[in-house]
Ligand SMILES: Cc1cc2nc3c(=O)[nH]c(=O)nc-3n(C[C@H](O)[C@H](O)[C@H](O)COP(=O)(O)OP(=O)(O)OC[C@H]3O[C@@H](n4cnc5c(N)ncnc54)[C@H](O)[C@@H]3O)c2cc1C
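So this first bit is one chain, no partners, the form predicted on its own, shown in structure tokens.
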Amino acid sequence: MNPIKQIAGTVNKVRDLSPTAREYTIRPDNPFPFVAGTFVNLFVTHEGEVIRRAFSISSNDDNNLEFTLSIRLSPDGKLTPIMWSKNMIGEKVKIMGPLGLNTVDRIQSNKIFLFGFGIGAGVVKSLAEHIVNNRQELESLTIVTGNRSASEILHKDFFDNLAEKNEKVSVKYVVSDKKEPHGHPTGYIQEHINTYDFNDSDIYICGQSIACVDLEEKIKLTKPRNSHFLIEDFH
């Protein structure tokens, strides 16, 4: 893990990922080495008040000159409504990090499952890119994201391209919306795991706590041998 530090940075790009999610590109004032799977504390000053929130890095860790954060709008939150209401490009921010325990270096198996609920797809993106680029002995990488609707599937082009270029990568998008026709498996991730063999694998799960716990319990019911769980949950 790279040493934790506090530095200033600038938001130099913002793009919409979905109706409720955006990607913010941060350029630190100095190089900011990190490894896939880490998060940062972001400090934004608004009307004299410094607001601090933790966000996972969603970009490749081969670039220490800038990084991206995939962020979901929380209408009742303190920070994200501010970030959505103002033009953040050029905004000066402070960063503390890199932080986190469930980083890519803890994923040792050559058979890997990456599960991301909602905005958790962002950190899955960072992990997947690192794994594909650096694990020559990779046997399989299974990526599954859980989404409220088809319009809320995040980083779909990236994941589709990754799977198209690498036969060891498979991707599935599960959509909980049962009314809208979308062509994807319907319901929740934990309802679509019966075809997977979790023996001798590393299993990474990122998302809200209740979803992560439920998926972990459902996988454990299959009684996998020699499996290792890495859970990155948030409230």
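A residue's number is simply how far along the shown sequence it sits, counting from 1. Small disclaimer: the values here were computed from a predicted structure and weren't measured.
If you look for the form predicted in complex with this ligand, you will not find it shown, but the lines that follow are about it.
- Listed residue (N147, T80, T142, S109) with a non-hydrogen atom within 4.5 angstroms of this ligand in the predicted bound form: That would be T80.
- in the predicted bound form, the one of D157, E164, D105, D76 near this ligand [non-hydrogen atom within 4.5 angstroms]: Exactly one residue meets the criterion: D76.
- Query: Can you pick the stretch from 197 to 205, 184 to 192, 28 to 36, 48 to 56 whose heavy atoms fall within 4.5 Å of this ligand in the predicted bound form?
  - Reply: Careful reading of the contacts points to 48 to 56.
- Query: Among S70, I119 and D233, does every residue place a heavy atom within 4.5 Å of this ligand in the predicted bound form?
  - Reply: Contact check passed for all of S70, I119 and D233.
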